[in-house]
Every structure is written in C-alpha cells, then in structure tokens.
Ligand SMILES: CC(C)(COP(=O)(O)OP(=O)(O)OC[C@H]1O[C@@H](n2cnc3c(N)ncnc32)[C@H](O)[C@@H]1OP(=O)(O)O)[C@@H](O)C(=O)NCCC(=O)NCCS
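Given as structure tokens, the chain that follows is alone and in the form predicted on its own.
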Amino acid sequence: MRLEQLVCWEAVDAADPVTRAAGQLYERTLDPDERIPWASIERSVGRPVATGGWHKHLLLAAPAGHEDDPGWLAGYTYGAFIPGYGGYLCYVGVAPWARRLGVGTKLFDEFFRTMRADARAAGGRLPFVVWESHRPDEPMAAAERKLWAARVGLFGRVGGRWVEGVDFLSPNFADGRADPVPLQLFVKPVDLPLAAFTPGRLRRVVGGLHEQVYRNRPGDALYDGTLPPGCRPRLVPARRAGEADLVTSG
C-alpha cells in the first residue's frame, strides 16, 4: 500500500463498526495510566460544537476502498482546537499491520489541516499544535529505545519540536493515587514563527495545557512540579528527545 492510497476522514457515528475498531486499537496500544476512558472520546463523536467550546475530532485512516471495513482500519488520531489557546493532539495510534507505511505522517498532517480549518472558522489564527508522549523509563531496553527513537523521528518529520527542560506531570489515569506520569511535550509552530517561542512563551504554552486540559492552576502539585521556579524551556529538534544518553530535567 502506497501513502497516496490512504484515506483520512472524520468519525461522525460512535456506533459505526470502524469507530468501534478505533476504540479497540486505542485500548490495545496505550497503557491504562496514559489514557482516558474511550467512552469519553465516543461521547464527542458527531456532537455539535458549543459556542466558544472545544472543536473535538476523531480522525480515522484506511486504504482507499476499505473505509467501511473495521479490519482495514490503519490508524486514528484524536484531539481538539481550543479557542484562545491552540491545537491539542491528544492521542494517535497506528495498527500494527500498518506501521512504517506513512500512516502516522498522514494522520498528523490531516490533524494539522483540521486545526487550521477550525482556527479560520473561529476567526483567528492557529499559533501551534502541542502533543505529549511518554518516554520509556530509564534504563531503556534496546527494543524500547528503538521504538522511542522511531516515534520522535516521526514527530520531527511532521514539524514537531521537543520542549526541552520540562517533564510534564500528568495524572495517572489508571490509579489516581499513583505517582504522576511524566510526559514529554512536542510543539509544532504554525502561525507563529519558531523564534516567537521564547522561554516565557513556552512556559505559557505548558501552563496553558495544564489549565485548559487538566484543570490545574499555579499552586497545584502537578502544575508546580511541571514548571518549578527557574524552569526555562526551549524548543529543540525532536530527535534530541530520542538520544539514548539524554538526562531529563524539569
């Protein structure tokens, strides 16, 4: 299958078998401590956008001619345009049989296109798209290192840059009493130039993600642990996040 034969579209019916297949792929490919319940995503499918609310999208991908066959679902991505903030890509997954075929790149590009359309419809700009990814705990096994390097390679190809200097502390969705899950952040500048992402602006991007998505504010443990005093994040090439000898900071 060549990349040009891949079709992306938006799910509009939560009961559609292909949408249900996306839910199964979601639960197979993401650890429980990193994901919200699939039912929360299903509830957003096909719903109108409230005035001033998030523009949520579940995008699906399959080879042309197989869009109605759950067995041919190649991947999905889910996220939202958040008015007054930017684009937020929550989750992306590719079926094991479809890996290394350009599915991830196609899904990212389609998501970026959708975010630009939402921003234009809202009468504004799309300053950036941000997403998170969980780096395997050190020391990484060889297979984990290879997978992580491939993932950040994809992020770089689609224009993402790593937010160096920040470990974004996310709740553990499997066990709210467990330690938070440290995530790495990646930002794709869109309508703002790369030079505009100074440490101060990046602190606002990171803080805004806590406030808009996780409902954390300054003074909350996860917020303050992510952005301690003296934290000066910067955007660097995504590959830097994949270096084997990388020491996290935050």
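All of these numbers come straight from a predicted model, not from anything done at the bench. The numbering used is simple: start at 1 and walk along the sequence shown.
Beyond the structure shown, there is the form predicted in complex with the ligand, which is absent from this document and is the topic of what follows.
Colleague: Taking Ile36, Ser170 and Gln212 together, does each of them reach the ligand in the predicted bound form with some heavy atom inside 4.5 Å?
Modeller: No, the whole trio is out of contact, none within 4.5 Å by any heavy atom.
Colleague: Find out whether any non-hydrogen atom of Glu110 is located within 4.5 angstroms of the ligand in the predicted bound form, and reply yes or no.
Modeller: No, Glu110 stays farther than 4.5 Å from the ligand in the predicted bound form.
Colleague: State yes or no: in the predicted bound form, is some non-hydrogen atom of Thr29 no more than 4.5 angstroms from a non-hydrogen atom of the ligand?
Modeller: Result yes; Thr29 sits at the interface with the ligand in the predicted bound form.
Colleague: With a cut-off of 4.5 Å between heavy atoms, is Val130 one of the residues that contacts the ligand in the predicted bound form?
Modeller: No, no contact at 4.5 Å.
Colleague: Is there a non-hydrogen atom of Gly159 within 4.5 angstroms of a non-hydrogen atom of the ligand in the predicted bound form?
Modeller: Heavy-atom contact with the ligand at 4.5 Å: absent for Gly159.
Colleague: Of these, Val92, Val163, Met115, Leu73, which has a heavy atom no more than 4.5 Å from the ligand in the predicted bound form?
Modeller: Contact with the ligand in the predicted bound form is made by Val92 alone.
Colleague: Name the stretch: of 171-179, 145-153, 120-128, 78-86, exactly one has residues whose heavy atoms fall within 4.5 Å of the ligand in the predicted bound form.
Modeller: Selected range: 145-153.
Colleague: Even though the chain is shown alone, can you say which residues of 82-104 have a heavy atom within 4.5 Å of the ligand in the predicted bound form?
Modeller: If the 4.5 Å heavy-atom criterion is applied to the ligand in the predicted bound form, 82-104 yields Val92, Gly93, Val94, Ala98, Arg99, Arg100, Leu101, Gly102, Val103, Gly104.
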